[in-house]
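Taking the form predicted on its own, here's one chain by itself in structure tokens.
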């Protein structure tokens, strides 16, 4: 193995335990690069005990002092960006540019956390003569974050800077498929001066997730993953009286109008579909082609042919994922769809054991086909044709998901019509990946999100804190009033 066995990070140190282990593979060539422990409930118990011990001192610090750690952490992300980029590429498979963009986004997320002292200033108002009301925010205590494989550095940083800067102590459960970036984050936070026990990492699978959902010492959970697991985490955590924000899967629709700019639209749609090998919840997976858009589809085919596996397209995460995605394509073809660009059976010379799928465009898909309804999570886009915009919106609205939607058009009226009627939490105009930038929050609708609020930006503040309302009266000369 290239790397030593991954260990849990507890109380400021990496600790081994009596664990079963799972191999960690490099998706680009199938080689085993490390092993990750499958931790137990006892490991979660230990992490919670340490965090509860650290919480009083950490939460007692003024927020302006807490965020100093994240000023230093942001600088360390920048200082170590090449190493962090390489680590993401190795364990996740992203190409260099995509992996580096992930670290840059982590830096932006950290910058927002550094601004929290200005954003979370309490409200004060004299509500009656001599009577003042104010609101202040307080941390919850020990909280947890369960992160997916597709963004080993960025998604943990959706939660880490905000939750900790707001005064909580956080336990991270990263995906067992990409455990190494999480441990490197722990090292950088320690180097930045974060006290022991404020941030900890417990590796593992289902047992750790269930232990987090059940533990009475954990007050809140954020989760990012598939809708199936998001529902399970939300139900189990909520049943144990925790706050839970669980982000699930997606089936993002891009509505393409005949007046759309052919070059911008075709390049953006292909980039959205194939970026990060399609393994992102904001990836385009359905293009709804309204009326005559054949000229745009032809340009998409041309752009897709410039996406080369092993060069500007990375592998999917595992052999199982590759087989699953290829089954979706074959099933659609057998149901009558036309494969315009076929990424099945892709082999990259020198990386024959890698888990590669080439960019795939499938035309004449109908809304009832499984590939049009379910999240494929690969570099695949299907084209559903409609005669008018209202039919296109009906297709989008019928999806149980609601993460993102976009419209490509040169008409402001059409754009506004779609923005108001799309059933999605994040909507774009002439944008293939409508991800909000900080301070705007990330979060979808419908079966793409379970719980209240968003996971980043201003929307996260309410989730990671609770408000205390304080009413004071010092002026006895104002006598008795209705608030006495």
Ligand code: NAD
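Since we're looking at a predicted model, the values are computed, not measured. Residue numbers count along the first chain shown, from 1.
Form predicted together with nicotinamide-adenine-dinucleotide (NAD): not shown, discussed below.
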Next item on the list: Counting non-hydrogen atoms within 4.5 angstroms of nicotinamide-adenine-dinucleotide (NAD) in the predicted complex, say which of 129, 235, 206, 327 makes the cut.
Entry: 206
Checklist line | Residue among 249, 197, 141, 310 with a heavy atom within 4.5 Å of nicotinamide-adenine-dinucleotide (NAD) in the predicted complex | finding: 249
Margin query: Can you work out whether residue 276 and nicotinamide-adenine-dinucleotide (NAD) are in contact in the predicted complex, taking contact to mean some heavy atom pair no more than 4.5 Å apart?
Written below: no
Notebook entry, point to check: With the partner left out of view, is residue 167 within 4.5 angstroms of nicotinamide-adenine-dinucleotide (NAD) in the predicted complex by any non-hydrogen atom?
Noted result: no
Next item on the list: Spell out, yes or no, whether the shortest heavy atom distance between residue 354 and nicotinamide-adenine-dinucleotide (NAD) in the predicted complex is within 4.5 Å.
Entry: no
Notebook entry, point to check: Does residue 39 reach nicotinamide-adenine-dinucleotide (NAD) in the predicted complex if we count a contact as any heavy atom within 4.5 Å?
Noted result: no
Next item on the list: Decide if the three candidate residues 9, 58 and 191 all line nicotinamide-adenine-dinucleotide (NAD) in the predicted complex, where lining means a heavy atom within 4.5 Å.
Entry: no
Note to self: I need the one stretch from 41-49, 442-450, 28-36, 429-437 whose residues put non-hydrogen atoms within 4.5 angstroms of nicotinamide-adenine-dinucleotide (NAD) in the predicted complex.
What the structure shows: 442-450
Note to self: With nicotinamide-adenine-dinucleotide (NAD) taken in the predicted complex, which residues across 267-304 come within 4.5 angstroms through any non-hydrogen atom?
What the structure shows: 281
